[in-house]
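Taking the form predicted alone, here's one chain by itself in C-alpha cells.
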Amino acid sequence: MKITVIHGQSHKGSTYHITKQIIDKISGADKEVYEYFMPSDTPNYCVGCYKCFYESENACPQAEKVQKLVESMEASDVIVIDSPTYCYGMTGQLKTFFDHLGYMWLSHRPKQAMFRKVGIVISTAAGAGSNKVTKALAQQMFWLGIPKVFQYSKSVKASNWETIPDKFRESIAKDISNLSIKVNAIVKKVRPDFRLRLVFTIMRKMQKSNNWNMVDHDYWKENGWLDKNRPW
C-alpha cells in the first residue's frame, strides 16, 4: 500500500501525532509512506495567472513543486491531509496548495487515478472548529474526484500533544483503531458513489458544449469521457 501524507503545518503537535498513529495503524509492514510538510515541501501562493487552466499544469510558474505532490497523490492508494484548526479554518499554507489544484477539479481536468483513492482528513483544536476544517478538506477531495473520504476531527482540550488529558487520549486511540479497520476494508476496492457519478455526468454535459476552454474539452475527449468511457 502506498500512502501520501500532506501536513498543513511544519510543527509536530496534536494533529501531527494523531495522523502518525493513523498511518501506523493502516495496513502492514509493506506500506510506503510519502510525507510532505507545509510550507517547505509545497508551492508558494497561486498568482492567478490561469496558465494551468488555459495552457497546461506544467505551465504553472511553480509546476515543479505542485507536480511533485500531484504525482505522489496519483501513485498512492490512500491520501492523508491534516491541518490544525487556525481561526476556524485550515492553515493558510494548505489553502495555498489547494489553490494550485483547481485545474484538477471535476469541472476541469480530473485525474483518472483519483477516482479509486481513499482519502483521510484530520484536524484538531484546543476548543471548537476542527469539524469545520475536516469538512472543508473533504470538500476539496470530493472535487478532485476522490470517492471515499474519512473525516476525523477532535477537540483535544489542550494546546499541545503532551498536555492532552488521559481520557481524551483513550478516546483518540479507540477512534484511530476503528478508523484504521474501515480504511483497510476498502482500500483498492472503493468506487464512486451516486453523488460523484452525478456530478461527473453534469460536468460531462458541460464539457460537450465547452467552446471557451479547449484544453479542458480536448482532455475529456482524449480520455473518451465525452463518449462511453468513464474514469472508474
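Computed from a predicted model, the values in this text were never measured in an experiment. The first residue of the sequence shown is number 1, and the count goes up from there.
Only in words, not in the display: the form predicted in complex with a small molecule, which the text now covers.
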Quick one: of Q139, S107, S159, Q112, which gets a non-hydrogen atom within 4.5 angstroms of the small molecule in the model of the complex? S159
Which of 139-147, 68-76, 120-128, 92-100 has heavy atoms within 4.5 Å of the small molecule in the model of the complex? 120-128
Looking at the partner-bound form in the model of the complex, is T134 within 4.5 Å of the small molecule by any heavy atom? no
Although the small molecule is absent from this view, report whether Y86 comes within 4.5 Å of it in the model of the complex, heavy atoms only. yes
